[in-house]
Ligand SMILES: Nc1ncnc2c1ncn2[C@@H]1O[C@H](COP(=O)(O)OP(=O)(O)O)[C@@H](O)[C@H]1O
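Before any questions on how it binds or moves, here is one chain, the form predicted on its own, in structure tokens.
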């Protein structure tokens, strides 16, 4: 059966997209699937560090595409799961050194061997973004409950639709329930109201996630981490399970100001 290729993107950098990719990939592998995660952020690779595999790199994505090594030589097996592999980005090359067609061709080969091919998309909407989305049929957008991040997510939704990647799913990262309750941060309904996309999951702000990331161990391995539990739910939903969203007991409070800043209103704007 053909594997699923999913691009994980954000538009804006610094929202936790790479950490999300590592945890979803790990979670799917923990559920018994064969998974490969690809870092397409050429020149600024980070996925290897988040997964604790930076010392194992010999070849990279560009080496595979250019034929400097065989596809399997460029893959790094995860330390904790034999069914999880990483294809790292090249650090000393430029994003323009590969093409959309080359990424498509590689992912087509990977789909015949893996259940899931996850593409970690670089920040921005330039050539690196175009390369990353070229092979994908599904997309997950990562945002934080901040106006700038949501504005960028809105832009990415439009670009994905133009590339015929419809119905993307949304992960809302770094939610602080206390701030939401005090009306100082947007909640899920606020964000859905603005972006008109389905929420795949919500990840609360969590110091244990920061610690795990710094240690190169995806937080989904940490059974005491609330963020790890959130990623487990997200992974289950991707895999087709009917799992409820994590209940963070949010309340609304700043929507009027946010809509004014973004220049959006419910009646005039929709991605539906």
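Computed from a prediction, not measured in an experiment: that's the story for all the values here. Numbering follows the first chain given and starts at 1.
In what follows, reference is made to the form predicted together with the named molecule, a form of this protein that is not presented.
Can you check 96 to 104, 132 to 140, 76 to 84, 196 to 204 and let me know which stretch has heavy atoms within 4.5 Å of the named molecule in the predicted bound form? Single hit among the candidates: 196 to 204.
Answer option from 51, 38, 234, 209, heavy atom within 4.5 Å of the named molecule in the predicted bound form: The residue in contact is 209.
Can you check whether residue 188 is within 4.5 Å of the named molecule in the predicted bound form, heavy atom basis? Answer no; every heavy atom of residue 188 is more than 4.5 Å from the named molecule in the predicted bound form.
Within 4.5 Å of the named molecule in the predicted bound form, counting any non-hydrogen atom, which residues from 213 to 237 show up? Counting only heavy atoms within 4.5 Å of the named molecule in the predicted bound form, the single contacting residue of 213 to 237 is 213.
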